[in-house]
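Just one chain is shown here, as structure tokens, and it is the form predicted on its own.
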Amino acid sequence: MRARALLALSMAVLGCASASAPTPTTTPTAKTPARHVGTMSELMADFIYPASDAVFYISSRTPATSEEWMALQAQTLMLAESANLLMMPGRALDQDRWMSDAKLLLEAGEAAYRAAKDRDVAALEALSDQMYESCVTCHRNYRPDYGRPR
């Protein structure tokens, strides 16, 4: 059931992409307004954490069926696209460090998406450190008390 939901979400995301979609450097206009729906916490908890866990735990949760591989593709696509959401005006906390950290996530997520499409477990395992570094780098800079003992 969860795999079907992820598949449906990925199909919706892919279905929204078209040849006329704005390039990443295009900013929203009155004709194509962008707006935040969820909070930063919801974006992290509902999209980024579960999708990154799929990469972090690929060795112990390796997809075995086509449906599971498609679900992994959806999760890695959500991970890459979440980086774009982090760079949206009003969500990006600055144009320097924040954008640099978000781009690290975008690069790792995009590579994970390609690896999932290729069903390349070794490549996904190799991306785990890059993914972890992108998360830790951002959290150190923007999450209060990150890494400090409680």
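Predicted model only: the values in this text are computed from it and were never measured. Position 1 is the first residue in the sequence shown; the rest follow in order.
What comes next is about the form predicted in complex with a small molecule, which is not displayed.
Colleague: Is Ser41 near the small molecule? Define near as a heavy atom within 4.5 Å, in the predicted bound form.
Modeller: Ser41 belongs to the contact set for the small molecule.
Colleague: Under a 4.5 Å heavy atom criterion, is Val37 part of the interface with the small molecule in the predicted bound form?
Modeller: No - in the predicted bound form, heavy atoms of Val37 and the small molecule never come within 4.5 Å of each other.
Colleague: Considering non-hydrogen atoms and a 4.5 Å limit, does the small molecule approach Leu105 in the predicted bound form?
Modeller: Yes, Leu105 sits close enough to the small molecule in the predicted bound form that at least one of its heavy atoms falls within 4.5 Å.
Colleague: Just to confirm, Met131 within 4.5 Å of the small molecule in the predicted bound form by heavy atoms?
Modeller: Heavy-atom contact with the small molecule at 4.5 Å: present for Met131.
Colleague: Of Ala54, Met70, Leu86, Ala115, which residue is found within 4.5 angstroms of the small molecule in the predicted bound form when only non-hydrogen atoms are counted?
Modeller: Of Ala54, Met70, Leu86, Ala115, the residue with a heavy atom within 4.5 Å of the small molecule in the predicted bound form is Leu86.
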